[in-house]
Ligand code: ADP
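This document starts with one chain, in the form predicted on its own, laid out as structure tokens.
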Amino acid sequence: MAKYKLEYVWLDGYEPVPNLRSKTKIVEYNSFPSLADIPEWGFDGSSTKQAEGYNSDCKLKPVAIYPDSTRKNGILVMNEVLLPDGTPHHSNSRATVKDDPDSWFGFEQEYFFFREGRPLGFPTEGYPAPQGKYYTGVGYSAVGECAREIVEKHLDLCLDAGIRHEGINAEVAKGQWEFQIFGKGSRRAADDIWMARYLLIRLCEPYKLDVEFHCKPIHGDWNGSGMHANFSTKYLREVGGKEYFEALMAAFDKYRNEHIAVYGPDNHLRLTGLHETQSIDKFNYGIANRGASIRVPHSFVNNSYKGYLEDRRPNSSGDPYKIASRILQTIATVPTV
């Protein structure tokens, strides 16, 4: 029997953006356990804005596990928060996502490294050189003194954990980076995004850096941060068609406000019609158009309107569970042939 360190990770009750929380439980196993072997656990919800002090118990329900290569016998455990009676807590956004193994999502998570209140690489006063050479840049002047080291370590941690990490790159603004994660199943990519965020935030602790997920941390002529949502259903991949696609886009237009409501706070600061965005009060789509609400890949059109689509409106601090849930709700309103 070996003692395993189970790091239980969950989302707290803060609004409009929940924080990641974690604590460790030691459990003995003969070998690496399965998800079914991981016990439920409890925590003090009064300290996470999920309960009152006079009735503070909340439950953690394990929903995904990941090897943690930073610890001997380490396991990362992603959890849903439940009430004592076993029903989903009102902060449990994962419970709103319909479980569908045939719905696929890919999220492009942008973020900034921050040190002492400003993006990594920004001078103490004023601004660095304008945007232009930072995107996919190489060299100290482009990416700073430790950013690449961190993102490479983060990539390895994610791969070690079995997260389906698709890639990394420096982004348009100074101190801004991106990673991409794909998952088959309506919840898999969202689980992995939250765990990848957790790993990145934890990794930055010894570097005395914070990870800034706000969608527009620098005002002015600087790109904001998005979390573009690439999505596909079985019907969209196998049947599709121009008529169905146009009906789908009409539904996304009809429910524009409902999407914006869950696509992350302060999105009006980012969705201005500038910096590769469409205005927040408009909806459009376009082939290979990064200034559209939804970008339609050439491959989608060339494949008889079958494949995947990219919703570019979700922002970097958005909850991927809420985003996936809303996209699937809108798709469900469109009849299939």
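This is a predicted model, so every value here is computed, not measured. Start at 1 with the first residue shown and count on from there.
As for the form predicted together with the ligand, it is not shown, yet the points below apply to it.
Phe231 is the sole member of Phe252, Trp194, Phe231, Trp177 with a non-hydrogen atom within 4.5 Å of the ligand in the model of the complex. With the partner omitted from this view, the residue of Tyr263, Tyr111, Trp104, Trp222 that lies near the ligand in the model of the complex is Trp104 [heavy atom within 4.5 Å]. Put simply, Tyr29 is far from the ligand in the model of the complex: not one heavy atom of it is within 4.5 Å. Although the partner is absent here, Tyr308 lies within 4.5 Å of the ligand in the model of the complex, judged by heavy atoms. Shown alone here, Tyr198 lies farther than 4.5 Å from the ligand in the model of the complex, counting heavy atoms only.
Using a 4.5 angstroms threshold between heavy atoms, Phe182 counts as touching the ligand in the model of the complex.
Looking at 32-40, 65-73, 308-316, 281-289, the stretch with residues near the ligand in the model of the complex, meaning non-hydrogen atoms within 4.5 angstroms, turns out to be 308-316. Each of Glu166, Arg237 and Arg295 comes within 4.5 Å of the ligand in the model of the complex, counting any heavy atom.
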